[in-house]
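So this first bit is one chain, no partners, the form predicted on its own, shown in structure tokens.
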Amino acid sequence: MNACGFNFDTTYFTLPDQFYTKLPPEPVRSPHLVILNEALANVMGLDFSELRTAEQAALFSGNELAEGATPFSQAYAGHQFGHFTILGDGRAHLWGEHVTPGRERFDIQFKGSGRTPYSRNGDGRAVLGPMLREYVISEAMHALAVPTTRSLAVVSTGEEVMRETVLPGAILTRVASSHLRVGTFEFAALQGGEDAVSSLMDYTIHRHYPELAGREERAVALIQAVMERQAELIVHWMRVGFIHGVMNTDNMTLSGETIDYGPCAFMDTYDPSTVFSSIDHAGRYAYGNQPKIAQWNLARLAEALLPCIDDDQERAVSIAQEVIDQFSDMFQQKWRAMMCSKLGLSETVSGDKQLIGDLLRWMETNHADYTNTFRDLSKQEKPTEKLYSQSSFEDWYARWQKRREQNSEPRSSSILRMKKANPALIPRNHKVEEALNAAHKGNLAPFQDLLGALKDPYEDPAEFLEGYQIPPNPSERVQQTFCGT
């Protein structure tokens, strides 16, 4: 297989072999390239133009391996909906770590590439709809400036996969800064003890936080660094109304990237209790719960690192608890700054918390669309739609205008700040489902159109794209999303 610019240097193999199993992906019957992300390939220094379409399909199905790739699956654990489980890549194979000409390092991973030692009676396969969902949502998140893994390609396999019904099989190729998770540390603590945790800690620092190397209290410093990135990430999710749907510890990266787009969705009308995931019956991972769950997950990371914090367990627990307790204030500070940006406020002052809270309560009471409300407020003039004619909104709007007069920047800068924080377009759930349903029937045009519309989400859409901005009517609303396993 043509090298295409691949430059593999897989440092994960420096960890103890209990962390992974080397094995090839399972071949598929009749791969067909559905989509290739040429823009991402360019970023990675890759060029597939010399490969025929059939060769590209063979590469991205695993029927042919990239030059230098050494496929393997990772072992990890995780708290799934609060319950601890030994896990691992049950349907995924990493090609290895590709180093770009600019010296950036990326994991390249198949998803849906067959059984592994960690499959736990699963079939190791994925279906087309969820793989295309991850592709479009991850690329939308990238365009929205949210830290995220990305999608390089999707192929159909020519095979059928049994879920609730028989569905077309597919494989996604995912790109990430790494696939290190909180669950990787949980696995190390359970299966390998202090030596394994220490090795993993050193590896994580070297890969993602080299500025911490040589620090005496590296374990505490690592927790703090991961906590900072996770707080930033969840603030981004809240900014754009994103609901991950399955915030298990095995789905929280140490790099601070969004990973594993399963039953994810974007909120239409504002309601902090919004849940879409078909498996989240109690609302554990609802929109408004995401900050608390992030803190809970970080506490599991701290527990795994206890032996590296202090030899005295009681003292280690005390130190770890003190660090984790800082998350709430850290998050609130970042969240308030983000919300001030959404409202065009150049700095935070006393009273902003009340102003923000009053707007969100008004939105919830009146079932206002989260995205469109903030985008409407980003306009030069006061919005004139009937929803905004209520006296309660009029009162709030007057208070907001008075607050904006305290800005140290001109009104034009305030509006620009808002337009950078408030997208005009998000991947509306009903539009995503519409595109996926068409793709299942062999029509990729709606999917391609949706991808094109989401490339510049902060620009006011052209007239022919305005349909992507309109919230769903009652018959179009998506009530549940599914992970596809």
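For clarity, every value in this text was computed on a predicted model and none was experimentally measured. When you see a residue number, it is the position in the sequence shown, counting from 1.
Another form, the form predicted together with a small molecule, is not on view; read the next lines as being about it.
- Contact check at 4.5 Å (heavy atoms) against the small molecule in the predicted complex: none of 79, 130 and 280 pass.
- Among 298, 235, 176, 87, the residue placing a heavy atom within 4.5 Å of the small molecule in the predicted complex is 87.
- Of the residues 289, 371, 251, 156, just one reaches the small molecule in the predicted complex with a heavy atom at 4.5 Å or closer; this is 251.
- Residues within 4.5 angstroms of the small molecule in the predicted complex, judged by any non-hydrogen atom, belong to 112-120 and to none of the other stretches in 213-221, 298-306, 112-120, 269-277.
- Taking the partner from elsewhere, residue 124 is found to have a heavy atom lying within 4.5 Å of the small molecule in the predicted complex.
- The small molecule is not shown here, but in the predicted complex it comes within 4.5 Å of a heavy atom of residue 260.
- In the predicted complex, none of the heavy atoms of residue 361 sits within 4.5 Å of a heavy atom of the small molecule.
- Within this chain, residue 315 is remote from the site of the small molecule in the predicted complex, having no heavy atom within 4.5 Å.
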